[in-house]
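Provided below as C-alpha cells are two forms of one protein chain, presented individually as structure 1 and structure 2.
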Structure 1
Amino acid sequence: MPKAFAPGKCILFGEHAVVYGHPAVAVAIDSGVEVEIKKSDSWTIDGMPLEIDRHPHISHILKDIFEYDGDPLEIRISSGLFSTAGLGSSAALSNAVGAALEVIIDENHEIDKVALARIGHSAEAKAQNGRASPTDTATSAIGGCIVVSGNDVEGTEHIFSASLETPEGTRTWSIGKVVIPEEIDAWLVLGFTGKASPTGDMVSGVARLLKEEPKKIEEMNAIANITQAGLTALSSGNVEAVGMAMNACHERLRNIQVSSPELDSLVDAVRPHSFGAKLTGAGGGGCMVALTRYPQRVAQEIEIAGGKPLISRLGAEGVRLVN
C-alpha cells in the first residue's frame, strides 16, 4: 500500500514570464499532498468513483504515461495545500500519484525525481491547453530552490532539460538548482485570498494580452531582469534585496493584469513587517507571499485583511515515499 508525499511550491520570481522562456525561481514549501494507492476491485478516489474529466492529471498519468492495465485502484488523497491557489497542488498531486504508482507496478522501484518531474509536467501541459512550464512539477519533485529558464542560468547547478510543443511553438527549459544559504533567517508566509486561481485561464489571458498589446512583452523582459537580481540576492543571503525584488516583481505582474484587488490588499497589509511581498503563481486569485522575519505577525496581518495564512521554510525536501 504505497504512500507518497510531494510538497507544494511557491514561486518567488518569474511566474508567467517563465512560460515564454524567461527564468523563474521557486522553492518547495513544507505543506503538500499525500497520496495512498492500493489495489482494489473498483476504481475510486477518496471513496468516490474515478471520473476521468474530474481528474485529468491522474487519468493522464495512469493511461497515457504508465498505460496501466492492472487491477482497479483505490486512491486516497490528503492535501495540506489550499487548492487552485497557485501553490502547485496539481503538480504535487501528479508527483505523489506518479511515485505511488511506480511502487504499485514494481514494489522495488526507487524514486527517480527527474522522471517524476517529467511525468508531472506532461500532466500539467495536458490540463493547461498545452501551455505549462516545468516550474511547479520540478520544484515539487526535486525540492529546495529551483531555477527554470529557457537557457542555463549562471550560478545554478543544471539538473535536467525539458521541452514542450505549445500553441506558440516548441519551448525548451533548463532546470537547475540553487543552494539557499543556511544562515538566512527569514520565513515565507503565504496568504490565500480564498478565490480560485485557474492557471490555464490566467496563462491564456496573458497570451491574449500579449497578442493584443505586443508592447507588454517589455513587462516580461522587466520580470526577467528582476528575477536575475532576486536570484543573485537569494544566493548571497541578502534578504533585504530579495524583498525589494519581490516588491518590484509584484508591480510588473500587476501590469500584465494578473493581480486582483484581493491580492493587492493582502500584499499591502503585510509590507510593514516584511522584506517584500508579491502575488505568487498564476494570480487572479490564489495566493500572495511575504518574506519576513516575523512570520506570526505577518500571518495575523493576513488574517485581519481577510486571507488565510500558511507559514513555511524556504526550500523543503522534494517528493518522497512515506510510511
Structure 2
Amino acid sequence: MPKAFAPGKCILFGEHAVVYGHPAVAVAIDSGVEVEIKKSDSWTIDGMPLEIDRHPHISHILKDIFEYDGDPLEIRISSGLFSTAGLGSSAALSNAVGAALEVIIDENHEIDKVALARIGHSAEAKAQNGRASPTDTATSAIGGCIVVSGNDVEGTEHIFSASLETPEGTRTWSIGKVVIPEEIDAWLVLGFTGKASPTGDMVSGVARLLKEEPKKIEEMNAIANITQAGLTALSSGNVEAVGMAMNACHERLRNIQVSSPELDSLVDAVRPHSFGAKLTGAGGGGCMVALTRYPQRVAQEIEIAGGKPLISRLGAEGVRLVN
C-alpha cells in the first residue's frame, strides 16, 4: 500500500518571459499532494469510479506510460494546495501517482526523480493538448530551486533536458538547479486571492499586447535581467537583493497587465514586513508570494487583506515515498 508525496511550486522570477525564451525560476514548497494506492476489487479514486475523461493525468500514466494491466487499484488523493491557484497541483499529482505506482509494480523500486519529472511532463502534455512546460513537474519532482530555459543558464547545475512535440513544432528546454545556501533565514508566504488563475487567457493576452505594442517586448527583456539578478542574489544568500528583484519583477508584470487589484492589494499589504513580494504564476488571480523573516506576521496581513495564506520553506524537498 505505497504512499507518495510531491510538493507544489511557486515561481520566483520569469513568469511570462519564459514563453519568449527567457529563464524561469521556481521553488518547491512544503505543501503538496499525497497519493496512496492499493490493489482492490474495482477502480476507484477517493471512493468514486475512475473516469478517464475526468482524470487524464492518472489515466495517461497508468495506460500509456506503465501500460498497467494488473489488479484494479484504489487511489486516495489528499492535497494541501489551493485549487486553480497556479501552485502546480496537477504536476504534483502526476509525480506522486508515478512514484506510488512504481512501487505497486515493483516494491523494491527506488525513486528516480528525473524519470518521474519526465513522466509528469508527459501527463501534463497529454492533459493540455500537447502543450506543457516542464517547469511544474521538474520542480515538484526534483525539489529545491529549479531553473527552466531554452538554453543552459550560467550559474546553474544542469540536471536534464526535455523536449516535446507541440502543435507549433518541437520545443526543447534545459532544466538546471541552484543550491540555496542553508544559512538563509527567510520564509516564503503565499497569498491566494480566491480567484482562479487563467493561465491560457493570460498568456494569450500578453501575446496580443506585444502585437499591439511591440515596444512592450522590452518588459520581457527586463524580466530576464531581473531573473538573472535574482538568481545571483539567491545563490549567494543575499535575501535583501532577492527581495528587491521580486519587487522589480512585480512592477514589470504589472506593465504587461497580468496583475490584478486583488494581487496588488496583497502585495502592498505584506511589503512593509517582507524583503520583497510579487505575483507568482500567470496572474489575473491565483497567488502572490512574499519573502520574509516574519512569516506569521505576513500571513496575518494576507488574511486581513482578504487572502488565504500558506507558509513554506524556501525550496522544499522533491517527490518522495512516505510511511
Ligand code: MEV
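Residue indices: 1-based, along structure 1. Fair warning: this is a prediction, and the values are worked out from it, not measured in the lab. If you superpose the two forms and keep the largest set of C-alpha atoms that fall within 1.5 Å, you have the rigid core.
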Looking at both, which one would you say is the form predicted on its own?
-> 2
Rigid core fitted, then: does Glu67 show a CA shift of 2 angstroms or greater between structures 1 and 2?
-> yes
When the two forms are laid on each other by their rigid core, does Gln296 show a Cα shift of 2 Å or more between structures 1 and 2?
-> no
Has the Cα of Gln257 moved 2 Å or more between structures 1 and 2, judged after a core fit?
-> yes
Superposed on rigid core, Val19 CA travels between structures 1 and 2 a distance in Å of 3.0
Upon rigid core superposition, what is the positional shift of the Cα of Glu212 between structures 1 and 2, expressed in Å to one decimal?
-> 4.8
